[in-house]
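Shown below, as structure tokens, is a lone chain in the form predicted on its own; questions about how it binds or moves come after it.
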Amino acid sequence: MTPSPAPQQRMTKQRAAVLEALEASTEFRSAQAWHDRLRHDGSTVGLATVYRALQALAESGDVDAVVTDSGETLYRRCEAGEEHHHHLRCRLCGRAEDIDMPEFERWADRIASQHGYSRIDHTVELTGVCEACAAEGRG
């Protein structure tokens, strides 16, 4: 399923700074952690602005957003671009892999069709403990 395109939003200076920070890392981080990274790099962008920018970038498909077991939203630059994809994420360190699930996509289409639905959207995220965390005895 391909998500509906989001309305084009203006690329503000602050949003561009957040996106630049996201491009320097492949790991999921909270808005607070991204704000800390920006401040460390000399940016004066405020925390509320970081939250708004991350939300807008997630809505436009420019970044991935996942919700942890505790309810915290984590963000990272989407490596797969705008192509619909799913994640396998370590719930300890936040490391994530983009995964292809064609069997799931076919199943979702079949279920939607059986119930008379169209233009469905979905999110699939698998969580576990990555090999590195397991080797360290972290889980």
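Values in this document were obtained by computation on a predicted structure and should not be read as measured data. Throughout, rigid core stands for the largest set of C-alpha atoms superposing within 1.5 Å between the two forms. Numbers follow the displayed sequence, beginning with 1.
As for the form predicted together with another copy of the chain, it is not shown, yet the points below apply to it.
Remark: D100 counts among the residues lining another copy of the chain in the model of the complex, judged by a heavy atom distance of 4.5 Å or less. A residue is said to contact a partner when one of its heavy atoms sits within 4.5 Å of a partner heavy atom; A96 meets this definition for another copy of the chain in the model of the complex.
Interface residue remark: T127 is counted as part of the site for another copy of the chain in the model of the complex, having a heavy atom within 4.5 Å.
Interface residue remark: Q32 is not counted as part of the site for another copy of the chain in the model of the complex, having no heavy atom within 4.5 Å. With the partner removed from view, the residue among V45, A56, L74, C90 that has a non-hydrogen atom within 4.5 Å of another copy of the chain in the model of the complex turns out to be C90. Along 108-125, residues A108, I111, A112, H115, G116, Y117, S118, R119, I120, D121, H122, T123, V124, E125 each place a heavy atom within 4.5 Å of another copy of the chain in the model of the complex. Once the cores line up, the CA of S25 ends up less than 2 angstroms apart between this form and the one not shown. When the rigid core is held fixed, the Cα atom of T73 travels less than 2 angstroms between this form and the one not shown. Core-superposed comparison between this form and the one not shown: the C-alpha position of R39 differs by less than 2 Å.
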